[in-house]
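In the block that follows, a single chain appears as structure tokens, in the form predicted on its own.
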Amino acid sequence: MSSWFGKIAVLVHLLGYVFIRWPHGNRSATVKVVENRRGGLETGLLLVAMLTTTLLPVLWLTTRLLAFADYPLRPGVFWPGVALMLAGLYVFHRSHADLGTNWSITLQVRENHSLVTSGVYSKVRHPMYSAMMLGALAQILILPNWVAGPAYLVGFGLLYVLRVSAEERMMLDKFCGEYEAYMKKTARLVPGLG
């Protein structure tokens, strides 16, 4: 199978994230931030996420710097990767749409912030991370390179492990018992798993 299939899929994946996130970021930027918990760790995590989810795949697409780690693309791996990619993009879109103006790329509470428990948030507390997990698994399958392929999973893993508890602390501080009750009814990342 031609590596061009992988390149097209990776490009669709990258552009999908940009086109989904762009309007939501613009809309959220119009709402005043009333609490900002962004710190040094947060900035570092966002940089690692950008490196692993965007920069390394773009380097693979546009240069030969990572060619030493290329391997042949196999249809039996590629097409399930495309399915995971599309599922991840759908969940990513739904999570942004369901959050509305509450969304922020960093740990922030916005004016009139509400607790969203409907849509994809009725199943999991962190569907954006669920979408990123699907995207990370998809990238391994659609990007035939031993460096750039699994890089997203590494970045996602660090972001998830080091950030999700801070997000939940912020939500507990803001919504107290309401968020505690929500936590008891939903899984963090995968429906049906605590």
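All residue numbers are counted from 1 along the displayed sequence. Quick caveat, the model's predicted, so the values are computed rather than measured.
From this point on, the text means the form predicted together with a small molecule, which you will not see here.
Trainee: In the model of the complex, does residue 90 come within 4.5 Å of the small molecule, counting heavy atoms only?
Mentor: So residue 90 does not count as contacting the small molecule.
Trainee: Taking heavy atoms only, is residue 78 within 4.5 angstroms of the small molecule in the model of the complex?
Mentor: No, residue 78 stays farther than 4.5 Å from the small molecule in the model of the complex.
Trainee: Residue-level contact is defined here as any heavy atom of the residue lying within 4.5 Å of the small molecule in the model of the complex; does residue 113 satisfy this criterion?
Mentor: The answer is yes: residue 113 has a heavy atom within 4.5 Å of the small molecule.
Trainee: Just checking whether residue 70 would be counted as a contact of the small molecule in the model of the complex - the rule being heavy atoms within 4.5 angstroms.
Mentor: Output for residue 70 is no: heavy atoms all beyond 4.5 Å of the small molecule.
Trainee: With the small molecule left out here, work out from 137 to 145, 22 to 30, 123 to 131, 61 to 69 which stretch has heavy atoms within 4.5 Å of it in the model of the complex.
Mentor: It is the stretch 123 to 131.
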